[in-house]
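Take a look at this single chain in structure tokens; it is the form predicted alone.
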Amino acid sequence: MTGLVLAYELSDAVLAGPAAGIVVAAERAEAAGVHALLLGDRPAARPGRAAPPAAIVAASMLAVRTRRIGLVVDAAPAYCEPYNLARMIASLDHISGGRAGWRVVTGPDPEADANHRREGVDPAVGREVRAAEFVPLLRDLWDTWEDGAFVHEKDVGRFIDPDRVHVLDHAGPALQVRGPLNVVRPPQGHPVVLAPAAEPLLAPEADVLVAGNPDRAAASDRPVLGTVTPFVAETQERARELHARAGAPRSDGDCAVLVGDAASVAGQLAAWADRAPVDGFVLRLPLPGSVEVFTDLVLPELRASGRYSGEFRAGTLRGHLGLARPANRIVGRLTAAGAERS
């Protein structure tokens, strides 16, 4: 990677607004070379206000209105079936030409739990065990089709090579899935998986670790993103006003809060890049108009300092993040088993 990785996390105010506003925000971010958009999703009502549309639907809309920027959606294993989620994220990767990502959501959520109970199933029970089994299972489902299994030999009426499509027959502690998936292997092989760095069962399965407050980040062999909420304006005084109107949130372990003009905010991000083991930031843009303000005021400061290129050097989200396309895990296991038998 060259320079900081930047991902914009759009606010509920933007996501719950008109679709045209979401598209404008995405196009603005893409034009500035931002590497990814993060679209939150929570399957529970919020008191007094409407929730945004389902993230996978909004991302699919953006996939056909953008060309380069990555599209990352939230989904919680506690409320999803692995086969369906694997199919939806693989579909997003196909529609977007290899720009899909999934941020694994694991935190407790009593309101969402109450919407997903059924006979013998309580989402609050065994949440961590299910999540730890869920991520590698999705990777295996994406690999049930080998690259090139869809041969499309129209002249002879042969479209699929059945020897390259695999039944999974997964039976784990919490999940049972037969497979194969009904979608061919995604362009990225595996869409990018983001997970909290603080989750010991999940972190080893992630492609990218989301560290929360950059001051608490730890070094890793994978990209690490700190999480920052910036309140930015043309003057320090105006930034403090915006922060106060938003309830004056403070930094905590999950997120650092920055308040200031463009130079001070860009300077703090650069300082973290120097002293903390982070490769970039998830920027939680808190207010309507924050995408435009951050893009117009802070990104030029980061570009001028050489911290941020503002250019895409790859065509996929994996490429933006410096991640290689993974080998097929099922093929690898079959090859290893064959070598042992021979």
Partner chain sequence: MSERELHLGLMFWATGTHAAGWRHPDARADAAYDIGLIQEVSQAAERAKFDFVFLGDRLASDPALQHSNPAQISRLEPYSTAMAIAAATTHIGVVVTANPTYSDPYAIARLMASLDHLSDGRAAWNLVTGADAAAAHNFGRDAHWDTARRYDWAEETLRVVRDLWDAAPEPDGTGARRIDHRGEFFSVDGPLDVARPPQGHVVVFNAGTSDRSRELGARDADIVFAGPQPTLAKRREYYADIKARAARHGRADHVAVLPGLTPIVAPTTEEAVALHDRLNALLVLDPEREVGDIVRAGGIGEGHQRNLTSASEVFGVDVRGNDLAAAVPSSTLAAVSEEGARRLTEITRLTRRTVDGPDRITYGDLVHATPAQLSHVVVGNPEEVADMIQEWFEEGAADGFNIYPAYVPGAVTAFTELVVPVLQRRGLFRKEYGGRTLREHLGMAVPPR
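Every value quoted in this text rests on a predicted model; they were computed, and no experiment measured them. Residue numbers count along the first chain shown, from 1.
Note that the form predicted together with the partner chain isn't included here; everything after this is about it.
Chemist: With the cut-off set at 4.5 Å between non-hydrogen atoms, does residue 242 touch the partner chain in the predicted bound form?
Modeler: No, residue 242 is distant from the partner.
Chemist: With the cut-off set at 4.5 Å between non-hydrogen atoms, does residue 30 touch the partner chain in the predicted bound form?
Modeler: Judged by the heavy-atom cut-off of 4.5 Å, residue 30 is well away from the partner chain in the predicted bound form.
Chemist: Is residue 61 a contact residue for the partner chain in the predicted bound form, using a 4.5 Å heavy atom cut-off?
Modeler: The answer is yes: residue 61 has a heavy atom within 4.5 Å of the partner chain.
Chemist: Determine whether any heavy atom of residue 183 comes within 4.5 Å of a heavy atom of the partner chain in the predicted bound form, and answer yes or no.
Modeler: Yes, residue 183 sits close enough to the partner chain in the predicted bound form that at least one of its heavy atoms falls within 4.5 Å.
Chemist: Would you check whether the partner chain, in the predicted bound form, lies within 4.5 angstroms of a non-hydrogen atom from each of 255, 329 and 337?
Modeler: Verified in the predicted bound form; spot residues all out of contact, no.
Chemist: Among 82-90, 202-210, 263-271, 217-225, which stretch has residues whose heavy atoms lie within 4.5 Å of the partner chain in the predicted bound form?
Modeler: Selected stretch: 82-90.
Chemist: Go through 287, 297, 314, 57 and name the one with a heavy atom inside 4.5 Å of the partner chain in the predicted bound form.
Modeler: Result of the distance check: 57.
Chemist: Which pick from 259, 132, 177, 193 sits with a heavy atom within 4.5 Å of the partner chain in the predicted bound form?
Modeler: Selected residue: 177.
Chemist: What residues, if any, in 139-161 have a non-hydrogen atom within 4.5 angstroms of the partner chain in the predicted bound form?
Modeler: Contacting residues: 145, 150, 152, 153, 154, 155, 156, 157, 158, 159, 160.
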